[in-house]
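The form predicted alone is given below as one chain in structure tokens.
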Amino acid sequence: MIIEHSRIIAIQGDIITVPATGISYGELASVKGRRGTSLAQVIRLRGEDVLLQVFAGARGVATGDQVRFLGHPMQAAFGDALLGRIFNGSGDPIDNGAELVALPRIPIGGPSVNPIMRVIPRGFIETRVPMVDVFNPLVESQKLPIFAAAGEPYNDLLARIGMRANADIVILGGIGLKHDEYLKFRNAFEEAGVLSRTIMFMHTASDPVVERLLVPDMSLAVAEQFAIQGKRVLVLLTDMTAFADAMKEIAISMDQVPSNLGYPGSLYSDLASRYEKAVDFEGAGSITILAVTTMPGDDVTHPVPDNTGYITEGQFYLRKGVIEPFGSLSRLKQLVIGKVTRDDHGYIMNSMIRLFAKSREVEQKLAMGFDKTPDDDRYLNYAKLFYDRFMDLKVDIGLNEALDLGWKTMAECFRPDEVGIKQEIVDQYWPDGH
């Protein structure tokens, strides 16, 4: 039911207050005045006062403007026609394509999936990034953050994974992006020829702040519908710190009592309600979430990464342009390593990391002025090969090729009895001629 009001009693920032009853949290409204019609969303109910966030900002809104409550929450269009399209945070096309008025609409921001409908994760999503596939595989229906400081190439990594990942549909949600970052994503997916299986919801820094809050919900609502239809959907979000900052900005505008560093006390539940959308449906498809979380000052104890770490199932640390092997973790990897992947996968993963850790010890020893031994040279050579063949984000190879390369790399630096792998596996996979 559409309810009309014509008395705005307060305007604070981009938030307007209207006295009304019978209104629901999250409900949409239109604000019509001299500057035209703007869309707004109910963000708080305080007695008979309804607080609305105006998407386009409250500049030009007057107290006599007409407010019409539309009787439903924010909705997204859904259908195969979304594939290959680019939308803003409100779900409107920004790619000069046709409007999708004929498509059915679905509500966004609903509850996460009933645990009864979930199954134990068992699928492997190949990304062709060796530091992911070999050492911390991305498991279907997993939720993983990429922790990175400002300036790290996290969007390049996300684009790489989106273009190469073994998924039916990729949904990219950009939050607070610079315009050139948005163009870089679009051009990369077009040049890779994968735009036809991709849907983008892109919010740039010049767009209304409230749309930052809508991007994850838009992305995940569409992902859920495709997953119900049996599709394996990979949702990429960047960056969730910008999402949390938008929540903080709105909370301050509403004079809420701040929590840690000014973030609202609901930060944990606000993040969890999005991440918990990751699911593997019984008899249908799945939703896997990989989301960038930038760390101000490279501080993992900052409230956003700190809360994220309690919700997600591991993390990737992106430092100095590479995925750091120590600290990165996929807690569900044991569900697929050696079960869905090759039987030597676990041996390769453990041995290569152990040898690389030893090479780090050698580097530290030499930095303290100790003499170098012939064994030290072998470990240093191994560390260089490991970086060039596995850690460099430009490396683009499949898992089995990466496992073979792992055997080759160890064989070039060590004897079979030095790698710590049981003899029957060594006999089966050790490269000939080494």
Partner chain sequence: MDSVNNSHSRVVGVTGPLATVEVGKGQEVSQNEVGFVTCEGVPLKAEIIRIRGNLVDMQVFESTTGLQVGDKVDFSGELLSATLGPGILGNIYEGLQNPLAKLENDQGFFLKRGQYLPSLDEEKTWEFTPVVTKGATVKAGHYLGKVPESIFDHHIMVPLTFLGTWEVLDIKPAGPYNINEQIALLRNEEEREEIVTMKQEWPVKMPMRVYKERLLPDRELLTQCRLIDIFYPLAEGGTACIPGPFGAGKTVLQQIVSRYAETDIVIVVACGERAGEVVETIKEFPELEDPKTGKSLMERTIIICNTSSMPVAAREASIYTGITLGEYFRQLGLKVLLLADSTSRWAQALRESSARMEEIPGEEAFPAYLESRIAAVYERAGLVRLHDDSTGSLTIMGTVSPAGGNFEEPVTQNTLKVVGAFYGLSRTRSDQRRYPAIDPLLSWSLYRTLMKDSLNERHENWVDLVQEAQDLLFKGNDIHQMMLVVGEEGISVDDLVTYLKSELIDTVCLQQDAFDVVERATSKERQVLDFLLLMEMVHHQFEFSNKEDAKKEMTNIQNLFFQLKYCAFQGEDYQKYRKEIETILRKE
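Definition used throughout: the rigid core is the maximal C-alpha set that superposes within 1.5 Å between two forms. Bear in mind that the values here come from a model prediction, so they are computed numbers and not experimental data. Positions refer to the first chain, counted from 1.
The same protein also exists as the form predicted in complex with its partner chain; that form is not shown, yet it is the one meant from here on.
Engineer: Looking at the partner-bound form in the predicted complex, is G346 within 4.5 Å of its partner chain by any heavy atom?
Structural biologist: Looking in the predicted complex, residue contacts with its partner chain do not include G346, since no heavy atom lies within 4.5 Å.
Engineer: Is the gap between I23 and its partner chain in the predicted complex 4.5 Å or less for some heavy atom pair?
Structural biologist: Yes.
Engineer: Does D133 reach its partner chain in the predicted complex if we count a contact as any heavy atom within 4.5 Å?
Structural biologist: Residue-level check for D133: no, no contact with its partner chain.
Engineer: Considering only heavy atoms, tell me if E224 and its partner chain come within 4.5 Å of each other in the predicted complex.
Structural biologist: Yes, E224 lies within 4.5 Å of its partner chain in the predicted complex.
Engineer: Counting only heavy atoms and a 4.5 Å cut-off, does its partner chain in the predicted complex sit next to every one of A192, G338 and F356?
Structural biologist: The answer is no; none of A192, G338 and F356 reaches its partner chain.
Engineer: Since the chain is shown here on its own, which stretch among 83-91, 96-104, 205-213, 113-121 would lie within 4.5 Å of its partner chain in the predicted complex, judged by heavy atoms?
Structural biologist: Result for this chain: 113-121.
Engineer: Exactly one of R46, K384, R35, R59 has a non-hydrogen atom within 4.5 Å of its partner chain in the predicted complex; which residue is it?
Structural biologist: Checked against the cut-off, the match is R46.
Engineer: Exactly one of E126, D156, E249, E313 has a non-hydrogen atom within 4.5 Å of its partner chain in the predicted complex; which residue is it?
Structural biologist: Checking each option against its partner chain in the predicted complex, the one that comes within 4.5 Å is E313.
Engineer: In the predicted complex, which residues of 269-292 put a heavy atom within 4.5 Å of its partner chain?
Structural biologist: Sequence-ordered list: S269, A272, S273, E276, F281, E282, A284.
Engineer: Would you say S24 moves its Cα by 2 Å or more between this form and the one not shown, aligning on the core?
Structural biologist: Comparing forms between this form and the one not shown, the S24 CA shifts at least 2 Å.
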